[in-house]
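For reference, the chain that follows is the form predicted on its own, supplied as structure tokens.
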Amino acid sequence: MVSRYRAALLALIALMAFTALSSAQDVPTLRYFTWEVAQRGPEGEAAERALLDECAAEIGINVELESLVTPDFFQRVSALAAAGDLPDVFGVSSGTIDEWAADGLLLNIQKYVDRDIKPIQDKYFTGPFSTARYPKPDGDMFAFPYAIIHTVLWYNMDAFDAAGVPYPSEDGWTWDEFLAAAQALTVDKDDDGRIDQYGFWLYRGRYAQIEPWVYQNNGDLLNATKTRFEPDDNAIAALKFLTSLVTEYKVAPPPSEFAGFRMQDVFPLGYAAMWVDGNWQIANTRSQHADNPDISFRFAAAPIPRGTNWVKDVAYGWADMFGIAADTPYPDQAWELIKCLTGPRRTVQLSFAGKIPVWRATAESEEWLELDKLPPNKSFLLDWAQFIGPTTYTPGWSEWRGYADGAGLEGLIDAVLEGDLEFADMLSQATEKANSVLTRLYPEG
């Protein structure tokens, strides 16, 4: 009797163990690859992991997390794609979506968007959704945005006060007003013949530092179909104005003067009173001031100055997105994971400071606006986002723009800033370089 009871108990335990093992084996494991976590550090990773666990439990999946900073992230994705080993869900930038969609790496998610997002689209900032379409402008969505990114002019309020210069108007200001401010803010504080504070910091020919000025002068670097590099007169005028800040007016240093610095640290460390870069720079400026309280200052955001050919405000912006591998065996679960990562559960703590969450309620919350912290006008970031317009992103953008290796247009503008290349030669060589890439991708023009 006892032996039969024991045998039955052992059989029951074995059955339970087998059932548990089978259930565990039935739970799919999705690989999730992003650059965001690497940017935010250990605390950000812990917060992301907590959200992933919450999403995974709700969906009934396991999630493996991997993260790399950019541009290493993009090189890693390319290597994984070549090996046929893409993660199920991974970060997609506005600079890569067209190329990755054309190469068949991304799943068309339009049916999911139509089913789940359109009925509640008023809960999202839908402006950046166009960035996720392929082909542009009216194709299907091949990724889903989680954050709105744009560039603004950051300025040192204390430096403006010391120089007696009025703060830039949020309603708009001109190149002439900007230049006058930059000249007043370029100072040799100890009269040793060296500039201690420049009026402006122009970091090389980088996209975030160049394109905003082009669009605020009603210009474009590309033709109407974005198949050729053809800077119009307004774009050329913007490039000339920017390079003249270094070569003629001396209100900004050549990049080599701060070669030992990270490009994002020159402004927060007080070596320049203004610079143009992304809304995410709030985090870095705060971090530098926390580490160096003796040099901290009040800082705020302003519009990109309007050029002489300005017609309307155009903000240079894009979206950070999540895509699904075209060959994932778990498309439905991958989409549910993206919905969870981009909706109301993606709290302020998971938003890299300054990046605007696409879930409207989060972006408009007092918690995100941080009314008790610098900058005092973080709400301006929401106002400026309504003007987001065109970009220079194309297939092959990283190559002709010089994003990953500093070559291409970026490197050629650098040479002008350093006095090693004439402006006209830069323009000629940039056109030849860019169109060698674009002609390969768009033979018909």
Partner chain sequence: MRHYHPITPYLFIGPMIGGLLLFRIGPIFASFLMSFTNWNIRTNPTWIGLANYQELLSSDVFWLVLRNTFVFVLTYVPGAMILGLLMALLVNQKLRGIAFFRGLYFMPFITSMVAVALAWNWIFSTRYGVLNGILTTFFGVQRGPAWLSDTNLTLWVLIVVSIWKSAGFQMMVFLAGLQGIPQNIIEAARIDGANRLQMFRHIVLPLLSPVTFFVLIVSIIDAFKTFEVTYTMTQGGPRGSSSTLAYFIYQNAFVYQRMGYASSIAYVLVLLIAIVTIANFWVRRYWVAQQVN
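Numbering follows the first chain given and starts at 1. Since the model is a prediction, treat every value here as computed from it, not as a measurement.
Note that the form predicted together with its partner chain isn't included here; everything after this is about it.
Only one of 188-196, 234-242, 117-125, 335-343 lies within 4.5 Å of its partner chain in the predicted bound form by heavy atoms, and it is 188-196. Taking 407, 56, 385, 65 one by one, only a single residue has any non-hydrogen atom within 4.5 Å of its partner chain in the predicted bound form, and it is 407.
The contact with its partner chain in the predicted bound form, taken as any heavy atom within 4.5 Å, belongs to 99 out of 220, 370, 140, 99. Taking the partner from elsewhere, residue 420 is found to have a heavy atom lying within 4.5 Å of its partner chain in the predicted bound form. Although the partner is absent here, residue 310 lies well away from its partner chain in the predicted bound form, with no heavy atom inside 4.5 Å.
In the predicted bound form, its partner chain sits within 4.5 Å of a heavy atom belonging to residue 261.
Although the partner is absent here, residue 75 lies within 4.5 Å of its partner chain in the predicted bound form, judged by heavy atoms.
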